[in-house]
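Just one chain is shown here, as structure tokens, and it is the form predicted alone.
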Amino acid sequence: MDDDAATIRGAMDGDPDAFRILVERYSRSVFRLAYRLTRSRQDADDIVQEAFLRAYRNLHAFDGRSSFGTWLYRIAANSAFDMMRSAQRHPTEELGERDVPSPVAKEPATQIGIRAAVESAMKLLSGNERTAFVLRHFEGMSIDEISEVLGIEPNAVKNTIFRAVRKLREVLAPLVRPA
């Protein structure tokens, strides 16, 4: 956004209201990304909190080459990767929010089954694949923007998205009936 630069300067100069403005401006989009990556409201809330904490602590490192939103998405994606890696290293026996289907009112059983299949298929993607796919197909970001978020070259982003789509197609193909 145009006024991000002034708001960031204010936050760097110690204005607590300036950083609060950035939080208010970006928290919904960061939550949406985190939720799409983790499929858990609690984890998404934790990621949002962690991302803004990291951003605040490292605001001096923001160089303005990319937009603040892109920089913040990168921090959020890294926070999500850290959380997912930690969850893989420390699995629990308890049912978490991810394991309990969300209540859906008046949704046909086939839609619930498709949603569950898509969520399961998304879990098979690597962190980069899932993030690139979500940023491209849910957030509508360009390849160059995703490149900045993930810190990889645009061609690598294209390959990552291609791999993600291919994996999803393989897993979800049985759900698609020929016309």
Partner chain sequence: MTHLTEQQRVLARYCEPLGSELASHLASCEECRTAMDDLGRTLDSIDDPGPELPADYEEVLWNRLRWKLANRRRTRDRWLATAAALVLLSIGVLAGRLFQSSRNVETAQAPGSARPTHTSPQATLATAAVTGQVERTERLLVEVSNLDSGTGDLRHETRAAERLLATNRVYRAVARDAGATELAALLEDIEPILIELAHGGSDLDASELEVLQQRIESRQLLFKLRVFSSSLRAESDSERLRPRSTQL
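Numbering follows the first chain given and starts at 1. What we label the rigid core is the largest C-alpha set whose atoms superpose within 1.5 Å from one form to the other. The model shown is predicted, which means the values in this text are computed figures rather than measured ones.
Beyond what is shown, the protein has a form predicted in complex with its partner chain; the following relates to that form.
Engineer: When the contact criterion is heavy atoms within 4.5 Å, does Phe68 count as touching its partner chain in the model of the complex?
Structural biologist: Flag for Phe68 set to no.
Engineer: Taking any heavy atom pair closer than or equal to 4.5 Å as contact, tell me whether Ser126 reaches its partner chain in the model of the complex.
Structural biologist: Close contact is absent here: in the model of the complex, Ser126 is far from its partner chain, nothing within 4.5 Å, heavy atoms only.
Engineer: Although the partner isn't part of this model, could you tell me whether Met12 comes within 4.5 Å of its partner chain in the model of the complex, counting any heavy atom of the residue?
Structural biologist: Contact with its partner chain, no.
Engineer: Taking heavy atoms only, is Ala5 within 4.5 angstroms of its partner chain in the model of the complex?
Structural biologist: Contact with its partner chain, no.
Engineer: Within 123-140, which residues come within 4.5 Å of its partner chain in the model of the complex, counting heavy atoms only?
Structural biologist: Residues within 4.5 Å: Phe133, Arg136, His137, Phe138.
Engineer: Classify Gly69 as shifted (yes) or not shifted (no) between the shown form and the other one, where shifted means its C-alpha moves by 2 Å or more with the rigid core superposed.
Structural biologist: Where the cores coincide, Gly69 shows only a C-alpha shift between the shown form and the other one that is less than 2 Å.
Engineer: Align on the rigid core first; then say whether the Cα of Ile161 has moved by at least 2 Å between the shown form and the other one.
Structural biologist: Ile161: C-alpha displaced by 2 Å or more between the shown form and the other one.
Engineer: For Ala18, is the CA shift between the shown form and the other one at least 2 Å following rigid-core superposition?
Structural biologist: Where the cores coincide, Ala18 shows only a C-alpha shift between the shown form and the other one that is less than 2 Å.
Engineer: If the C-alpha spacing of Phe81 and Met141 moves by 3 Å or more in the model of the complex, is that a move closer or farther apart?
Structural biologist: Pair moves closer in the model of the complex.
Engineer: Closer or farther: how do the Cα atoms of Tyr26 and Val149 compare in the model of the complex versus the shown form, where the change is at least 3 Å?
Structural biologist: It is farther: in the model of the complex, the C-alpha atoms of Tyr26 and Val149 lie at least 3 Å more apart than they do here.
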